[in-house]
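In structure tokens, one chain follows: the form predicted alone.
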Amino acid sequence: MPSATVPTPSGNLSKTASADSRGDQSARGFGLYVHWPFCVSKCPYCDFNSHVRDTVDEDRWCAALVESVRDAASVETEAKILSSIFFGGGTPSLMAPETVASILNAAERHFGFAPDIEITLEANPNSVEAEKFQDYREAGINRLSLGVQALNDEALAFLGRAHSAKEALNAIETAQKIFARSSFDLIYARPGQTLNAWGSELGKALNLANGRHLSLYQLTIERGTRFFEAVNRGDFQVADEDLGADLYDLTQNMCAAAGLPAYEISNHAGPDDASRHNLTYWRYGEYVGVGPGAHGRRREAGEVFATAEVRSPERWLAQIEQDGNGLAEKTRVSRAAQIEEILMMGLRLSDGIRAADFVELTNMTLENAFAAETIAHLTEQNLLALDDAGMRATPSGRLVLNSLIASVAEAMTPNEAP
């Protein structure tokens, strides 16, 4: 059963890099992720690095994030020009628009922007935050992602959301008026949710999306969350595998019929409306992560390095102010680990792992990287497809994606996995 684990700027961002100045930057893109770790309250299903604080010194945080961007840009790596930026959290729409503008100015100054850079900010749909949407547009945001999660008040209360269904509808309408590109999230397979109930809610969501973008995640219970404790107490039950598969199939069919086919296992978009930043992750492009707990993948002198920032907000801030960086660890990613990551990310995509990308990333062909008998067996079971275009999970394979990825990874040829 599938689950979720994982335009030109306006305002004062006037300079962009020409296409000729992008050098060797791959079509997979080069992204910057900015993590704002603070929320008004902690949602019971959330296992992200988010924290509730009575007060936040935003001036200090703005200066620290700007310094972190500068430090990240000082590393000599293959990718140079940013094709996307994503403000996530936490709740980044709690940031002042001026803070967003300062971070974007630093990113443009130290990295440079592609002419068509995508700059996304995650936002809550409550009325207070929606009032700032125009200010975010003027600060340089050109794509908004709304954490709606449900379209009725009872479900929103269960999910611990602070907004109402009416506020969500108003925020979607406002976002679409201000931003040329926008998206919103929903969580389904909620306790007691039937196929008919989800079909009705999804139909409403598809009408609201206007052929743009929807992120649709099945509810998963993560260790360490309040929902994990509630399930262990027997307060509620999650959807079983059969119902989860039926809900997933209904989602795929309805979205495809509405012109929003899945381009990734939980993400649906119309033409040219896929999240380019997330595609950088899924296609194993390079990206920088700044902010508490943020991760990155960079290529330096032909090697791939994984980075992770200090997770605690207070410790991260103190380290930035003392040392000029928030790095907790930086490790070389082995060839075998790279291939496993390419599989984990790429097989989530409907078009899978592109053959040319795999060669460029690994200096191997897909045919040579894995045991032929295993691939043939998975193909015969109609779980996997491998051809000149690349390797991808079939619709049946996406229903058992985690086990499929594990099977392909186990088939890795040992002589090419140091």
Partner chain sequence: MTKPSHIRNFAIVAHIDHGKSTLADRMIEFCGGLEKREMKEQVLDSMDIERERGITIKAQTVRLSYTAKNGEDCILNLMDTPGHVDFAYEVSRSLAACEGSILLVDASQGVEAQTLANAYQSIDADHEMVVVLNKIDLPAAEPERIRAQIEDVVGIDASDAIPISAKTGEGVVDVLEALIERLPAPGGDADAPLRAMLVDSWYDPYLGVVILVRVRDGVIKKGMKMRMVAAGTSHPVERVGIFKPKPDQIDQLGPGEIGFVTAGIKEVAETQVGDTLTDDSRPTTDPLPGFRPSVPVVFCGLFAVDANDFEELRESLVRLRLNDSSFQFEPESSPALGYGFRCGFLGLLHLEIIQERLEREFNLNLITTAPSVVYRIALNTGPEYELHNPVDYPDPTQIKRIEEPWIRATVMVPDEYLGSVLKLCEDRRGIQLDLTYAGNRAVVVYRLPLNEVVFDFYDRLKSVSRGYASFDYHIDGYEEGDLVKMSILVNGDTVDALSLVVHRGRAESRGRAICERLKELIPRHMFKIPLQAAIGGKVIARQTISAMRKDVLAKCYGGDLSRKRKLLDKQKKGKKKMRTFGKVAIPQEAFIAVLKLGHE
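In this text, all values refer to a predicted model and were calculated from it rather than measured experimentally. Residue numbers count along the first chain shown, from 1.
Here the subject shifts to the form predicted in complex with the partner chain, a form of this protein not shown in this document.
Using a 4.5 Å cutoff between non-hydrogen atoms, E373 counts as a contact of the partner chain in the model of the complex. Put simply, Y136 is far from the partner chain in the model of the complex: not one heavy atom of it is within 4.5 Å. Heavy atoms of L378 reach within 4.5 Å of the partner chain in the model of the complex, making it an interface residue. In the model of the complex, the partner chain stays beyond 4.5 Å of every heavy atom belonging to D235. Three-residue candidate spot A337, M344 and L399; every residue lies within 4.5 angstroms of the partner chain in the model of the complex by at least one non-hydrogen atom. This chain is displayed alone, yet in the model of the complex one of R190, H163, R143, R348 has a heavy atom within 4.5 Å of the partner chain; that residue is R348.
Taking F305, Y217, F158, F111 one by one, only a single residue has any non-hydrogen atom within 4.5 Å of the partner chain in the model of the complex, and it is Y217. The stretch from 238-246, 319-327, 198-206, 253-261 that comes within 4.5 Å of the partner chain in the model of the complex, counting heavy atoms only, is 238-246.
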